[in-house]
Ligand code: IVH
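Single chain ahead, by itself, as structure tokens, in the form predicted alone.
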């Protein structure tokens, strides 16, 4: 017995030693780019640790390097809310726009000399990593900026991410640290990955960013582990137990924790020094091992950042100075017309295929008929096409001379190419529109928008099925979706019994929807996610919104006259009212918190206002998304992990480790039924 205890003690000691060695060698390889052992030796050490952990499960720790190999596949991704929104950035495209940005800050601060930190704008996938007492507990994609998908197991597979902040010998580990970074794939690794996929007869990735995004969204993290993902940290969310005064100090601290920071950063520079570095960075662009599409300029002082604050979508203390868009020359082989969900006709150029920034482009927007006339674009012309990031490629210029009358000038059609209805030129706009709201092309596009992830989020209804549903006459308005039966779907091509059952089930489960997502799903002109959120925060329900005047809607901070007029006209349309009533009759439940949003006078009176809340377990009377919506509209901060700063933990069935931790920390626990009573 004594011998066995001694043997176990030695094995435990060996496991600890292996863990420390692997952490060190991983950091040297992935972060410092300075390995001191061979890959074969690293693999040998890793395999030995795996063997020990397989035999002694109690020795498997949350920060074990074996976690990088991958975990069992998930059935689906869950979502989590960011403690602070992950905002986008305003863009600048010239020195003058950057100088204007600097002038605005000087005016707000009433001071002249502002210092900035500048860094490359990486072209990857933004994520947030949550560390509690040094341990990586949660990883969330940016999503819509407010919440994203939980991809913790996939993130653990990335070698350049520390699983434990104390792994580099740090003693001052914060209680809570949320860092934000960009997941990327290096150019060389991307090329190797695509070669492997070609050999395996798999579809090729279009570009490194798409490859990174696809790799992060694998339900099986073992697949992610095989992808060459990397990450650079660029910012932070919530922090407890860490005092940081500047962007420069933040990066220095993060390096000590083992995070990877891009080396091409200039700190505490003037705006003119920032502009000079932009030119150097642009020259370096093609030599860098990863793709960048501009430079980010941030006010260095954190207190000044807090003072300047933010707008609805972006901080006021940072701006992205974008590089000139990638462009190539090709020929126009034809011009077709596409009909959008609002009836707008958009001319699209069919191009001689051309590679622009790693993507084969066959089509490009021609904007509208006025632009075609201005550029004098005709079939057969050589044109300059640009593509910037994920933006649809656009024709921006005709090149060279053409033969006289080689092709006739382009004319917009008199009739809709889909439904043959009369086309109308909208007064005061450049747009031509099909005014037939029953036009199949419009219905199809509205349906695609309606079922999208930020709308009703109905799985199984893609482009092909949407097209069939409209062409077969099963869908004449989005409301018809909720009356579909399995027998209807079985009439369609490539829809089997199992698919039909799953689609009908998905439609039924989507009927409970938050007010914000419902407004977005309607596809009202000029009303995107931000406007939908602002409307849901202002108005208690759709009936209240329907009674609002244009002026009242326009008074909402962040909504302008165009959006307010569009929303008002949409709601007052008798046809739209009938569609909404039809959805309600089908059982659609538009859910919103009874308490008004953050700008309501009575909001601070509710118990959840300004409290940190965690949801855990399976809720029976509502979905987790709905519960989060309620809490957010109550002014709560819904977080993904329990800490001593958590105010409430709301528990459903099969609550696990979060419930245990809440009890250990003596955090107030609320059962689902009590939660419902509190809301009522």
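Positions refer to the first chain, counted from 1. Bear in mind the structure is a predicted one, so any value in this text is a computation, not a measurement.
Here the subject shifts to the form predicted in complex with the ligand, a form of this protein not shown in this document.
Between the options 88, 214, 558, 460, the residue in contact with the ligand in the predicted bound form by a heavy atom within 4.5 angstroms is 88. A heavy atom within 4.5 Å of the ligand in the predicted bound form is found for exactly one of 398, 367, 121, 449: 121. The stretch from 113-121, 580-588, 525-533, 328-336 that comes within 4.5 Å of the ligand in the predicted bound form, counting heavy atoms only, is 113-121. Among heavy atoms of residue 159, none comes within 4.5 Å of the ligand in the predicted bound form. Contact between residue 275 and the ligand in the predicted bound form is not found at the 4.5 Å heavy atom cutoff. In the predicted bound form, residue 296 approaches the ligand with a heavy atom inside 4.5 Å.
Among heavy atoms of residue 208, none comes within 4.5 Å of the ligand in the predicted bound form. Shown here without the ligand, the chain has 126, 142 in 125-148 lying with a heavy atom within 4.5 Å of that partner in the predicted bound form.
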